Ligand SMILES: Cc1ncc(COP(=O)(O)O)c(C=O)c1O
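What follows is one chain in structure tokens, specifically the form predicted on its own.
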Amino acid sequence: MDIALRNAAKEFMVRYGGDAFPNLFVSAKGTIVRDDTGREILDFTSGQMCATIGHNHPAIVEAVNRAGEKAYHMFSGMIPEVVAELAQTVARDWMPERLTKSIFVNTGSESNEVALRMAKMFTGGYEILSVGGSWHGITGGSGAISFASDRKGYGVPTPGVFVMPEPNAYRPYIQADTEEASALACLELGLKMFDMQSSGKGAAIIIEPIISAGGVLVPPKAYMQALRRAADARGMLLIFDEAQTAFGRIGHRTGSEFFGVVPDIMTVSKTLGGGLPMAGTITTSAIEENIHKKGFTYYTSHVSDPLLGEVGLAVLRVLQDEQLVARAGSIGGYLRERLLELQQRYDAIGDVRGEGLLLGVELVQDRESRIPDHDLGARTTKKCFEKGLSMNIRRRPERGSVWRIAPPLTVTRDEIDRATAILDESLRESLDERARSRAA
């Protein structure tokens, strides 16, 4: 442990929000990260939901070395062979049939900026309809359409942005006989509000197929189908932000495949880079042709970089060679079973939801009221980390207290057993401590 470096982090680094730890970290491999005390920690967030094939997978290390032998970076107008191969692989092996045209950039925020520019130029409109609980990034356009994080203090957001209530089966905004009916009622209300305010310049509706930062909410398939019809009826494009759902994490190639709904534009990022800053925006040939003729540009210093082309191809090959898409479904089912066992033992676990290896566990004060238990979530998350398990918890007051559990697709049953044992012990200790405190 280097105290000087810990002090340097405090003295010279900007604090950028989110969970922060007092220790520093030195390495990562597979499902394990190691801190500066030598302690090994199970990483059940895959870094920032990015390292889907495990930290520092040998194929990624080899890809970086290959790029070092050829090129890391080129002039943006020079398309590297490996980037052309990546675009071909994405279109032929991973995307719905209509989505064939890709542009490769660096981050999820950036891929959504590309999508918004495409939609606005194609339609001639500027109005964007987003969903509550969504997270699309922090840059100008993507930050304006994100509603799962802080929006205060950064000035006037991009104009033309509208929000509608997200479908939440566990804590519905509109009560109805079924989850599907509640979700469709939310959609109907949101569309009515949008139509009342719209100036007739609709450009796009954007949604995460599984609303992750909003609490790992899985809409009914009928909701996604109705969203497709709503976009068509208004002459707007439908954008799927599949930063977390594309390339296998949910046990399907994409959220589009899972829901049986094809968007006009799909944005991808985390699950394509395998831990490196890689993102893409994929659309149809008709949309690409239309905006190209109108003069579409998204010309940055690192568009189509060969380094990330090598890495993206390596990730996709590992997913196929190791059959990780199917494995995400099966091992995700095992993880869900273990979490459901915990739910049977603890009334504080109100809900377990999600798909594949993108799961949410919601903590409540009691199951009848479903009031979020933020104190228990924060207390237990801290204990888990102290015992060797890192998990991300969403604890915004309006979103509930929800663990987002998303280990690498390479996670083993033994690692799941160890993680759930830590969670079990930490939750039990937190509840016991609170009971003693209240009794005192």
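A residue's number is simply how far along the shown sequence it sits, counting from 1. Note that the coordinates shown come from a computational prediction; the quantities given were computed from them, not determined experimentally.
Below, we refer to the form predicted in complex with the ligand, which is not included among the displayed structures.
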Quiz item: If contact means any heavy atom within 4.5 Å, which of 129 to 137, 192 to 200, 362 to 370, 75 to 83 contacts the ligand in the model of the complex?
Solution: 129 to 137
Quiz item: Taking heavy atoms only, is residue 109 within 4.5 angstroms of the ligand in the model of the complex?
Solution: yes
Quiz item: Closest heavy atom of residue 208 to the ligand in the model of the complex, within 4.5 Å or not?
Solution: yes
Practice problem: Tell me, yes or no, whether residue 244 is in contact with the ligand in the model of the complex, where a contact means a heavy atom of each within 4.5 Å. | Solution: yes
Quiz item: Taking the ligand in the model of the complex, which residues along 4 to 21 bring a heavy atom to within 4.5 Å of it?
Solution: none
